[in-house]
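Coming up is one lone chain in structure tokens, specifically the form predicted alone.
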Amino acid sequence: MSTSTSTSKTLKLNINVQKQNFKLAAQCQIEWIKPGIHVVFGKSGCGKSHFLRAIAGLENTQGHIEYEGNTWLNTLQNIHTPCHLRDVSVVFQDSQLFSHLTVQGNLQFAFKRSSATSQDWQHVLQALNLEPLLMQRPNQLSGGEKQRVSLGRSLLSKPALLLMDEPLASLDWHSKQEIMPYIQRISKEWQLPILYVTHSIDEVMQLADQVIILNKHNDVSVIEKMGPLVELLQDVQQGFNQDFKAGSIIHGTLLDHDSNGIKDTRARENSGLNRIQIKKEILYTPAKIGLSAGPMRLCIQANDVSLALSAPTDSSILNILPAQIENIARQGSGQCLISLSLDGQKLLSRISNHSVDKLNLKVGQHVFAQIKAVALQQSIDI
């Protein structure tokens, strides 16, 4: 697969999709500065799948679509490029594998019809761990295995843009955790822009670089907001953060257990812990098989961050870090969402209004953020 230096990729849209009881109107420019995952997020019924299908050429769509200077749709000029000529590949919620073919047959279906090489073939088998499955048929596979095969088939078609329509929606929690690391890797390894649809905040937090939020206004599905995930998470007033799973993304570096220059007694004395260096501070996370030293992304739910006025000396919580309050937003149900500056990054904490008043918390105040190591979700950072 390609390992060449990445360049910016741009998708320009000005589209309308109208059906009996549904209307979508979307105008935007989506740009991949580097390989990454743009997530289309919103509640069920807000038009996410229609948006993706319109880009793929699977919906009756009016307007204009252009990708990398290639016009796929221009109804004024009567240009309607069909799906199979748009140089996209779509991974659906249902893997849509050919039931009469083995895994190898399903992969070869795409391989023989594209410019993929034998090196690409081997890379797909290794990267997605598909070799043990080659002789099996789809009805012998688990849900996660089916989606890995579907993903491999899409990669072997050598698309310029990969579209993923709620690919994990039908999987259980274990299967989702199994396949998400594969999705994280492929964008970088294949230098491939990905547009990914989901209504799951967990998937947004673990996969997204940029987020496109769809919502309905006056019964019309529109793009409500779009931007980097980290920026959206920093806005305590943003509807994105009103969900009970609201949280933060912290970027850091997973250190080798024997890293020189990091003198930390707890890291040596406690087995089963990873150390993530933020800037000056170290975060402790549960050891996770398959992770190697390098850039990491930590997902931290606001509900898992408590605050203290002084650093506890007799606590079981390993992560007790100095922070400064930047914003305090009182929400419903007696709760408060607090934005903190932590070692140069933003961290959200959700505590009760009672605790805010009891501690007399103010903007600008220095506090200590307490985060249980077991509450941290960690993944590679692309």
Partner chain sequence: MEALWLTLQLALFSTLILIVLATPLAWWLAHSHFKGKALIEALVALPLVLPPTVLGFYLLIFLGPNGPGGWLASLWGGHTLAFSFTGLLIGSVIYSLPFVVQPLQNGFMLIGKKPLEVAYTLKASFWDAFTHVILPLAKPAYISAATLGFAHTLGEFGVVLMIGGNIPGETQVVSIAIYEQVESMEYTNAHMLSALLLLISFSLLAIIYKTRKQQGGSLL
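Not measured: the values here are computed from a predicted model. Residue numbers count along the first chain shown, from 1.
Although it is not shown, the form predicted in complex with its partner chain is what the next lines describe.
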Worksheet item: Is every one of L233, K346 and S349 in contact with its partner chain in the predicted bound form, taking contact as a heavy atom within 4.5 Å?
Response: no
Discussion item. Using a 4.5 Å heavy atom cut-off, which residue among M226, I278, A127, A110 comes into contact with its partner chain in the predicted bound form?
Written reply: A110
Practice prompt. Consider the chain as shown here, without its partner, and state which of S89, T285, S187, S248 has a heavy atom within 4.5 Å of its partner chain in the predicted bound form.
Written response: S89
Worksheet item: 166-174, 128-136, 98-106, 306-314: which one contacts its partner chain in the predicted bound form at 4.5 Å, heavy atom to heavy atom?
Response: 98-106
Item to complete: With heavy atoms only and a cut-off of 4.5 Å, decide whether H80 touches its partner chain in the predicted bound form.
Response: no
Discussion item. Is R153 near its partner chain? Define near as a heavy atom within 4.5 Å, in the predicted bound form.
Written reply: yes
Discussion item. My question is simply whether I320 lines the interface with its partner chain in the predicted bound form - judged by any non-hydrogen atom within 4.5 Å.
Written reply: no
Discussion item. At 4.5 Å between heavy atoms, is R53 in contact with its partner chain in the predicted bound form?
Written reply: yes
Item to complete: Would you give me the residues of 156-176 that have any heavy atom within 4.5 Å of its partner chain in the predicted bound form, in order from first to last?
Response: S157, K158, P159
